[in-house]
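So this one's two forms of a single chain, laid out as structure tokens and tagged structure 1 and structure 2.
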Structure 1
């Protein structure tokens, strides 16, 4: 008896789900598209929220910033659960290895005293800034409309609490394994004059009823805070004999570069929408008019605290960074108010 093996190709009856075929045509869809596009709940709700009876649980009117088609925005990173977890696992592993190296050589404790005080009094309290950012981004998760935006906000919210935990670990290593510096950092966040501008900003955003306004304002603060603490001070630390700080800063700076990709893409999509671009531009201008001066002042106070410890020209650097950010926003056609020095 002879057996002959043959390869038989079975053509699939369809290449993807119906909703994606209707949107993109009959082509194979990526896993990102299948897990993200057109997943927003749109009907068959049971009741309107008692705290907001004029809208359904999911409603595009929760923000003045809208898209005619919510799925005209897609994450340029194409992240869904599996690649997100893999990516962040790698980032966390890299940070842990760096921190283990710093701890094994006592490099944080060998930094100049001024830089140690900077970490304790200025950097560590920013773990509360990250925790507040997580709450603000979670507002976007709950109230945004469109699963592609929802997914980005969800991942960003997890990232922010991860950033807070990383800064907490830095404090534990610097204090020799105790949480003493973390308690002091909390009091600094609540009481230090240089930090009250950022704290006030985040607490006001938590009372905001427009998730888009919250995200945009937080992004303005992030551009200035990260530009100061993790970009400018990265270089200043190397020149000032505090290479351990630079090693920490590079990880947070790497994360922020990744964060910028989806935020920039979302703002560009808002401004390019064929039907509501003008309304979105007006809404973004309103955010800038209301918050830009507050953000610049808050980060200027932070920069003054940095200079009080290490005197590296942080105030001038923060001012230059704010001007560069304003120029970038102006290039998008937005109106950035003048802020006095």
Structure 2
């Protein structure tokens, strides 16, 4: 039997906020839309910033990459704060479970010696790469134009520090609860030749003042770093008897798949803009011209270090991954410079 609950029926005056009704018609809007679209102030600012009086506090000119309507971009994941923290809470919990399992069976310490060395000398230093990525992405949180892009940058920035903390926890477990390996990993980040390309790249990005080109450059590096460290090595670890590595890598892989969704959508939106697509294409080409070679070389150095430890053909894998990424960018109509590496 169905229970008939009687409630007072009240016809609403309107179904959503005016700005959304103007964009989409008077239909009920999602919480993503209400909490994200048109939130940032756009006009009648009062004062020029003391730290940079040539622009307003929110200004499309903080990047060469622009959108005629900043809200032509929306997050394909439709993330606002609440679902974001819920999603990350689950992801972090899953990671903790994996790590607890690895710790309870001492599985990290039972990996082949070479794989342990790889983790200590190559993987753990990348926690600093993640921390640098957080800083670079945070530039977008402050300086991008429009709340849909901002929210994506915000969540990505927080994700990167989360990734850095996950890698750090791996280091703590592998050192049996101490920070010994983390200290060594930091030295490696600062000094090991294989990591200097990535460190230099991030430091140079910290001196750029264009959040968009910073984001895109970082993304180029991410595609190659993640392709090598968490995709290619995931497979290689399983073949090499280092299942523990694979168990760690899968979590970063899952995160990166999520990250790709919004960045790919943003790049597509830039390139599809009805008025400034050409300028955006030129800006993206300029990034590629300036940085692609540097990124490929940095990751090639990283791959060489991987091979020095475990000899799994990482250099070749990095090269073919770079070619695949370049092909994807070319398919978008971008010009990827030839690199000799």
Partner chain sequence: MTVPAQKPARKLSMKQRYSALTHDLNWTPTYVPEAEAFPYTTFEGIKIHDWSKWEDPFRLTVDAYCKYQAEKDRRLYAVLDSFAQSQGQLGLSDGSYLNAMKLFLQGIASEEYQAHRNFAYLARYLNGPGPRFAALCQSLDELRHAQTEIHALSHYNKHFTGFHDWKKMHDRVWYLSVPKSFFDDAVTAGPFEFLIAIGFSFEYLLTNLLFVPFMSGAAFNGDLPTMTFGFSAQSDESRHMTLGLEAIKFMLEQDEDNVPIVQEWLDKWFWRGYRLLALVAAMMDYFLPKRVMSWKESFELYFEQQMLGGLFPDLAYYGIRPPRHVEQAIEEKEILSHQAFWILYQFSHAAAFQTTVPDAAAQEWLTSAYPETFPKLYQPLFEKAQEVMDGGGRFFNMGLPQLCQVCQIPMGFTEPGDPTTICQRHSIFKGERYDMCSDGCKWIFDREPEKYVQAWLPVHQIYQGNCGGPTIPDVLAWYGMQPDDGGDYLGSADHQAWTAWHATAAKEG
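Positions refer to the first chain, counted from 1. Between two forms, the rigid core is the largest collection of C-alphas that superpose within 1.5 Å. In this text the structure is predicted, and so the values were computed from the model without any measurement.
Structure 2 is taken from the form predicted together with the partner chain, while structure 1 is not. Relative to the superposed rigid core, residue 27 undergoes a CA displacement smaller than 2 Å between structure 1 and structure 2. Relative to the superposed core, residue 45 shifts its CA atom by 2 Å or more between structure 1 and structure 2.
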